[in-house]
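Below you will find one chain, with nothing else, as structure tokens; this is the form predicted on its own, and questions on how it binds or moves follow later.
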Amino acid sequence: MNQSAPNSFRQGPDNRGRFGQFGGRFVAETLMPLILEVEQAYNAAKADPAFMAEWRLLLKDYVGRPSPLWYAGRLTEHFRATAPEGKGAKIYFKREELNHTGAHKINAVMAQILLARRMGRKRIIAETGAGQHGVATATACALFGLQCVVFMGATDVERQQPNVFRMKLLGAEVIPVTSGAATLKDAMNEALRDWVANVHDTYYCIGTVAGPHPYPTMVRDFQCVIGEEAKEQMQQAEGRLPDVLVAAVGGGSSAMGLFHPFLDDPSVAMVGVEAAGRGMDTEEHAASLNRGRPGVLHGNRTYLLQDGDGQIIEAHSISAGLDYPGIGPEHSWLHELGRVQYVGATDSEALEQFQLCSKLEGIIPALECSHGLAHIAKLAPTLDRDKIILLNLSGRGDKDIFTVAKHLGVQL
């Protein structure tokens, strides 16, 4: 560990929104009063039993929580078949893909839309990469009769057509962003510009644990429902906590939602899996922790892919949800402390596990969580059979079938 461990890994951030040297607020002066208003509204809302009860009821009756815990028996046996004798950990899935809208994103979106209503905001903006956050935001806005504008990179609009159509069906306006690589980073840039221009009636619903404080903390807190449920469910299923948690990390909301409730449990190891793209030693990946260095982007200080002059390097991943050149600041902090290990999985490794999970478990996983499965394929055969690995299966793969078909040379 590079720093002395804190008394609790769950204590951050400080009152400036910092996790060690990471996080904070680096925003235009015009946005600062609004950011402070969001923080004040959030602090009041989480202390209000009526707000929390309304959110929990929506999670139960509209989203479909708690999401199930699934023992992936056939996948477990598959890896045991080639493992050394006595090796081959048990694999469980936390099935976030069964949530309404098909991913974990809806958990924090529902809370943020309730917060926006509480603040009197009628217009909601969001950024989206793979489209799952955009769909979740459009869904919540449809439910509450709010105007919804989603910024989406033109590259992602092209490769995520089903989600674009879903957002439009739900009444959202989808604005393709053509600047830069026309992906998630650029969509977030445009959303921030829009917010500056429309501060009086607009709420920015951020989809991940990034952005200026309080967003990394707020999105984390609302996603912690994943890890909280998983703790109870593992006790019921196995009578103990898992040995290893695995989750894919782009911005890192699904990983933080699973990891955070377990951070102070020393027996539980945690692995975040970054998109290694065409290889970490190429220039086409999204491994900001493994190949980046600290800098400032989208209102916070965190690890970023950047050149020698500090210019952001475009990220690459087969997964539209992972090709972001940064990561949430709390992940950067946990990386430097050594509490969470961050590794990479390539496009081809994710593609292989996407197909394997579909065939063995009857579950088509999103390409994002297929990166987590790719690490489990390496890890499970090295652990004893009584060890337990828990994967956050954060989204369903329906949205990715066109991308996968193209890579496999299949004409749909």
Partner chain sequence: MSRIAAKFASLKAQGRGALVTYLQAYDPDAATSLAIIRGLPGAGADIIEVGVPFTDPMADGPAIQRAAQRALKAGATLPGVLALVRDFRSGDDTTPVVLMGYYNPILSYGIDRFCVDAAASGVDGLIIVDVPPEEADEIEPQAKAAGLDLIRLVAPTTDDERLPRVLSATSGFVYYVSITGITGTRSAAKDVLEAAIPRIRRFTDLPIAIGFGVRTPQQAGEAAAIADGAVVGTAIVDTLAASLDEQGHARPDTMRLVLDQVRGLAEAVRSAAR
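All values reported here derive from a predicted model rather than from experimental measurement. Numbering follows the first chain given and starts at 1.
There is another form of this protein, the form predicted in complex with the partner chain, and it is not shown here; the text below is about that form.
The stretch among 192 to 200, 101 to 109, 270 to 278, 78 to 86 whose residues place heavy atoms within 4.5 Å of the partner chain in the predicted bound form is 192 to 200. For the options 69, 364, 27, 58, the one in contact with the partner chain in the predicted bound form, meaning a heavy atom within 4.5 Å, is 27. In summary, among the residues 318, 304, 244, 141, the only one with a non-hydrogen atom within 4.5 Å of the partner chain in the predicted bound form is 304. Not displayed here, the partner chain is approached by residue 296 to within 4.5 Å at the level of heavy atoms in the predicted bound form.
Put simply, residue 179 is close to the partner chain in the predicted bound form: some heavy atom of it is within 4.5 Å. Remark: residue 16 counts among the residues lining the partner chain in the predicted bound form, judged by a heavy atom distance of 4.5 Å or less. Although the partner is absent here, residue 33 is a contact residue: one of its heavy atoms lies within 4.5 angstroms of the partner chain in the predicted bound form. Annotation for 303 to 319: interface residues with the partner chain in the predicted bound form are 304, 306, 307, 308, 309, 310, 311, 312 [heavy atom within 4.5 Å].
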